[in-house]
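Given as structure tokens, the chain that follows is alone and in the form predicted on its own.
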Amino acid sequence: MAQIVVLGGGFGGVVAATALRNKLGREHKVILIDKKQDHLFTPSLLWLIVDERKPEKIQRDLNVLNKKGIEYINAEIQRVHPTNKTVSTSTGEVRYDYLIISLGAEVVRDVIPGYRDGINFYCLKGAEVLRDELKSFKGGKIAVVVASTPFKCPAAPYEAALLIDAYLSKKGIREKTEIAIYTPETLPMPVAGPVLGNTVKELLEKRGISFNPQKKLVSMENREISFEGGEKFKADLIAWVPPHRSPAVVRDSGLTNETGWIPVDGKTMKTQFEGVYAIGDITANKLPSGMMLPKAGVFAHGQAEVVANNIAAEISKTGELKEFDGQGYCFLEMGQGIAGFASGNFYAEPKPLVNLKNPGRLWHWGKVAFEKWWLWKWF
């Protein structure tokens, strides 16, 4: 009997555990561990902030996995021991033959002075707070601020600004409002290339949203946003993306490199430790261009399918091994029932080949359909 342990109940973890369960006989055990009880469909947080989704509609209970033959352990992961193949949790030790780490990236707010004056819309509670603030907003200055790179879902800050623009237009107070984006990036989603980045920049500017690149956040005290070089901006409402880092458990377990993330083979997602794989946002995955693969759920999904296939093939001695090919896509929500769609090969040489489809209602409904499919398929 083989025992496969999956750490994390996000996109990659749920897909990996489910795919393994479907490919392996019940004599083999699949275990998923997460300190949270609910799986959150994070792309829908953007709709939540403009009151187009309810929290209960975009979450699913991880206990459902038990009905599929996946043992779900609701516990905090305290340490990974790759040399003796065990994981320490708040409910005890769990051994493994294969380990898949899909713990994602965590946000760190308190490293920025005045962080409480900004609303972190990358979590459920923060998205709800921003929704309520926008409901009562009467006009003024709104800043969407990216604290540092890398960060999860590279399109999200730009989608948030566009959705807020559409929401305030519907409320009839857009003319009373100034919306500005501040980011340390040179262009939106720079890994995807300058053509896509400039296209998104133009979309923002056409909606009267100012794009302010190469701005490194220093503080947000009293809603006065300060950047390196001394530039300041006073805002009435700040929606921000805090700094990201890997969870302490992987750093403390010696799994990360100098980047602070887990290095992997970009095709197999293998780590330096035997039988240990890492997928999704927690990885350091360098592209042929020298840049890093963006942190996005679509990549965690694809990597999970590859890893599950290869572990099952190794255990059962049947089937062909697969490689992750770097293909990815992203919907770009713009409000007013319109979205764009970007897709391409991020492993292409010498640089990613990504294109953005013309915005339209088709892509918006495509994302709606994907949301419904995801929550049905995996739960």
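Quick caveat, the model's predicted, so the values are computed rather than measured. One rule holds for the numbers: they count along the sequence shown, beginning at 1.
Another form exists, predicted together with a small molecule; not displayed. Remarks below refer to it.
Contact of Pro43 with the small molecule in the model of the complex (heavy atom, 4.5 Å)
Yes, contact at 4.5 Å.
The small molecule contact in the model of the complex: Arg207, any heavy atom under 4.5 Å
No, Arg207 sits far enough from the small molecule in the model of the complex that none of its heavy atoms falls within 4.5 Å.
Contact flag, Arg174 vs the small molecule in the model of the complex, heavy atom cut 4.5 Å
Because no heavy atom of Arg174 falls inside 4.5 Å of the small molecule in the model of the complex, the answer is no.
Taking the shortest heavy atom distance, is Lys295 within 4.5 Å of the small molecule in the model of the complex?
Lys295 belongs to the contact set for the small molecule.
Considering non-hydrogen atoms and a 4.5 Å limit, which listed residue (Lys54, Lys68, Arg26, Lys35) is close to the small molecule in the model of the complex?
None of the other options qualify; the answer is Lys35.
Sole residue of Leu287, Leu163, Val129, Val249 within 4.5 Å of the small molecule in the model of the complex, by heavy atom:
Of the candidates Leu287, Leu163, Val129, Val249, Val249 is the one lying within 4.5 Å of the small molecule in the model of the complex.
Counting any heavy atom within 4.5 Å as contact, can you tell me which stretch out of 69 to 77, 183 to 191, 255 to 263, 132 to 140 lines the small molecule in the model of the complex?
Looking at the partner contacts, the answer comes out as 69 to 77.
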